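Heads up, the chain below is alone and in the form predicted alone; it's given as structure tokens.
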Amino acid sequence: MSLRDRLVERIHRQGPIPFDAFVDAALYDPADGFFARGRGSGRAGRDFVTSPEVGPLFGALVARAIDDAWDALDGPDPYLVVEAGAGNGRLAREILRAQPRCARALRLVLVERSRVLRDEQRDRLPVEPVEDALGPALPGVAGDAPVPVPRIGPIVTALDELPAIVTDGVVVANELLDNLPLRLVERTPDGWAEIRVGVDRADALVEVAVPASRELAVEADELAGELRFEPGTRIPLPTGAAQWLADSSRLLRRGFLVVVDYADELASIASREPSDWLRTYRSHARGIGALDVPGGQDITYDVPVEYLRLAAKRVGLRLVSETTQAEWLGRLGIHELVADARREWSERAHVGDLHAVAARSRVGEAEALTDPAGLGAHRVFVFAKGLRLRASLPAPAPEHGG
């Protein structure tokens, strides 16, 4: 039975299902979900390009951010860095190739729900058993807790969910939150309606508006704040992102959470047609309606920045930096690296060797990563927990009520 048929059967049994339940099935169903079948980021044979696929430069700069965080945490060893939504391991590979200063302490944990993509990680990285990454340890003295063995990194492992430990470290998520499940609500003259997924008489998947529960309406009102929306206005409620932030906060005793994603102010999202901020992709082109081919295309959306601030604050995460990807990479030194590459290309262009070609390629990568009409417009949020300093990998931005 196809995923679509299973969804139809479920709706006949339960009634219209919340939009987040539909998205979770369409993207992550273990057998037929979009990512479960190995779709997603990449070039040939994939569906969209994220920053790591542009080239090695993005990973090299993320490695600098990881080193900055290591310094802010006073150089822990072992040093746990979790990449959530790690996909096929491209970003992790480039981080390691950049040889960060923290490498000997580094335990890099790749979290990816798709078994197919976890298998692909093993083609790019020396993935070890999880007990090796989160250990090993020597017996403590006189019954004390075991002592981790220092300076044996980097060790890489892969999991299908966040590790169930509490540690000092960093969680990094590049273009993950926009693929997590969300609820949809629509303003009505009397309050809020929830947009669910039902079926029509021909068993086609269709939108169904139902009165929003009190809990969901309160959530929508809190997000809207002082904004006033006309009837018919739709906004997303990123329930999956809220749960992920809570889980990430539980993982961190002290440390940082770095989120890079599609995000926008709620007023901007509400002013646009839903098809502009709730999008589908397939084979590097816009897809069709979100309900049309469950499991056959990516479903993504612009995350309201206000929601992230609220959800993070609720779970004890302090916002210390919020900027664009172009600005964040600038703080990490992308412009200096590009200037060096331009000089090298100028000096060696007549030779045309691999060093010259790599220098020219780095200039092109930087332009793509900082393009204000493309990847450079992604929002970067840095949250801290358990730290009194205003470290923000590498410089603070004005606070937004956090």
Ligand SMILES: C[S@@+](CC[C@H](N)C(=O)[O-])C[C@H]1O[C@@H](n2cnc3c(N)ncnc32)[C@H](O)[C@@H]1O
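Note that this is a predicted model, so its numbers are computed, not measured. Note that residue numbering begins at 1 and tracks the sequence as displayed.
In what follows, reference is made to the form predicted together with this ligand, a form of this protein that is not presented.
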Contacting member of G255, P294, G85, P304, with respect to this ligand in the model of the complex [4.5 Å, heavy atom]: G85
Among the candidates V197, L180, A270, L319, the residue which, in the model of the complex, approaches this ligand to within 4.5 Å (heavy atoms): L180
Candidate site F19, T188 and W192: all three near this ligand in the model of the complex by heavy atom within 4.5 Å: no
In the model of the complex, segment of 171-179, 278-286, 229-237, 321-329 with a heavy atom within 4.5 Å of this ligand: 171-179
Touches this ligand in the model of the complex: E112 (any heavy atom, 4.5 Å): yes
Partner contact for W70 in the model of the complex: this ligand, 4.5 angstroms, heavy atom: no
is_contact(W345, this ligand) in the model of the complex, heavy atom dist at most 4.5 Å: no
Any non-hydrogen atom of L117 within 4.5 angstroms of this ligand in the model of the complex: yes
Residues in 6-34 with any heavy atom within 4.5 Å of this ligand in the model of the complex: Y28
